[in-house]
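As a starting point, one isolated chain is supplied in structure tokens, in the form predicted on its own.
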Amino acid sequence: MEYTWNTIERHIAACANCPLSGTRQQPVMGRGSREADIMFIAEAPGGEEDRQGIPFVGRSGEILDRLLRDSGLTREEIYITNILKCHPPGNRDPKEEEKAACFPYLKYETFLLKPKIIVCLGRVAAQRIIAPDFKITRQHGTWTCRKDCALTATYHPSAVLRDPSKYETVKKDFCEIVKKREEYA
């Protein structure tokens, strides 16, 4: 089967591969430039994202927008998505079977996008994408390379909501992402 953005959107909209499909208001497909060289991946949509069907539109999205602006990026030039396409009740961490059910969609998004840089937002995404034992507090901002793609992780914007003192740390990580992008240009 040939996969296109429209094909993935249709599959995600009709997905019933795990119990979250029965509790969601709507699935949340990634958004942004489909020619972006930077892909941001978080763990799962929040409640507001579930209502609107758009990633990062809640309070975490406000922090993300500020981080993007302060580092010289815009949503229009990046692609942002989640491992899960449905909101886990109570904002709990995704279960392994939920991540496994959604992971093929993320793989297809990545395949179609072909980003030069992947940024994991938070521990859950970093442990699924970079390494199962990834420690966000010690390893955020570090880089690894796979298949001509640079990978890094930083705190999820919701961590900044819980602890505003992390903002400058995350901002520094975002500025390093911009520098890495310039290296790849």
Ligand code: URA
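Keep in mind the model is a prediction, meaning the values are calculated, not measured. For every residue, the number given is its place in the sequence shown, counted from 1.
If you look for the form predicted together with uracil, you will not find it shown, but the lines that follow are about it.
Asks: Can you pick the stretch from 30-38, 136-144, 48-56, 66-74 whose heavy atoms fall within 4.5 Å of uracil in the model of the complex?
Replies: One stretch meets the cut-off, namely 48-56.
Asks: Considering only heavy atoms, tell me if A42 and uracil come within 4.5 Å of each other in the model of the complex.
Replies: Within the cut-off, so yes.
Asks: So which bits of 144-163 sit within 4.5 Å of uracil in the model of the complex, heavy atoms only?
Replies: Residue within 4.5 Å: H156 only.
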